[in-house]
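The chain below stands alone and is given in structure tokens; this is the form predicted alone.
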Amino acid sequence: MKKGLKESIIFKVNSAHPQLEKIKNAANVIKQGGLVAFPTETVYGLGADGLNIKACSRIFSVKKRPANVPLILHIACKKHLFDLAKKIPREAKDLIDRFWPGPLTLVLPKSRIIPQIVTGGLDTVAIRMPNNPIALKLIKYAQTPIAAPSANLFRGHSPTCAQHVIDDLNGNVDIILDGGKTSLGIESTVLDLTVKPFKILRLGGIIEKDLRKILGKAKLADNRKKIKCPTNNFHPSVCSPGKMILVEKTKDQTSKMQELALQFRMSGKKVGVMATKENKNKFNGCVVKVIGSEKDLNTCALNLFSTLRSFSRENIDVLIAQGFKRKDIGLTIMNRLQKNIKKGSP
């Protein structure tokens, strides 16, 4: 922590049965315009009163976040959606009945009460209802929608435990609610309902196949190859130690990774390998970290950001990452890994 900064207050909170005294203390900080980092089912959020311009401006300052990148508003009751969005299509009601609380963010036309700073100057607002008792209690007692991007420095890896928040933001956040490790470990899916066909702006915890079950093929744009939106709003975490090479899922994937590892080691590079447990013993002389099993991609998604963070402490020159089949949650993982690739040669 930088000299002169006061350390953040850290409250350990039972995720299943949150202690109300700690939650109420944190909620009062939100009411007074302060910042509270808290767990959701996806990642930890950096929360402020979503209707308080000064409080929201602190989020941008602390994260070093560009002003044109919108914030997501978090609510604790479905009916509050009607206060924040001026037009809600029928499909939105079907989606929230199926996926809320949960890792789905809906982009809708914003109501007049929402400050422009929250929307990045757009006339739309992103809203979700998190599936975490600590988050829901905090929002309830704060009595306001909470604006909360991930609780890390901009372009850094999203935090999946309180220690990640402490590493990045200690001293810049008033309170950190430590509710343990998040259950999903990857950000929410962002779905734009203001365009036709509806468009996924960010891949996340809800996979496309499940959205299509509710919306139908005619109501969801096929933009799997290029997930983006204007001014890179809702950009996923982007950061990796050294140079990262992503090796696609093919029959000879492991041998390609071995060849690359040997090539870089022979040239004097310190090589890191992010691999599944099935391949963990196949890269002698490398710093190998296991993301999970090929048979359990949900666990791989959960461990993705924490594994990438751990490589940052290894001072490696090149990171070789094992890729996954671009389907369902595997597509989401590959989207995040792709965002970590830097231009240029190692």
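Computed from a predicted model, the values in this text were never measured in an experiment. The numbering used is simple: start at 1 and walk along the sequence shown.
Quick note: we don't show the form predicted in complex with ligand TXA, though the next part is all about it.
Looking at 34-42, 317-325, 275-283, 291-299, the stretch with residues near ligand TXA in the model of the complex, meaning non-hydrogen atoms within 4.5 angstroms, turns out to be 34-42. Contact annotation: of the candidates P149, P101, P133, G179, the single residue with a non-hydrogen atom within 4.5 angstroms of ligand TXA in the model of the complex is P149. Taking A76, A92, L211, L122 one by one, only a single residue has any non-hydrogen atom within 4.5 Å of ligand TXA in the model of the complex, and it is L122. Though the partner is left out of this view, R128 does reach within 4.5 Å of ligand TXA in the model of the complex, counting heavy atoms only. Looking at R202, you'd find a heavy atom of it within 4.5 angstroms of ligand TXA in the model of the complex. Contact between T105 and ligand TXA in the model of the complex is found at the 4.5 Å heavy atom cutoff. The closest heavy atom approach of P70 to ligand TXA in the model of the complex falls within 4.5 Å. Contacts between stretch 159-198 and ligand TXA, counted in the model of the complex as any heavy atom lying within 4.5 Å, involve E187, S188, V190, listed in sequence order.
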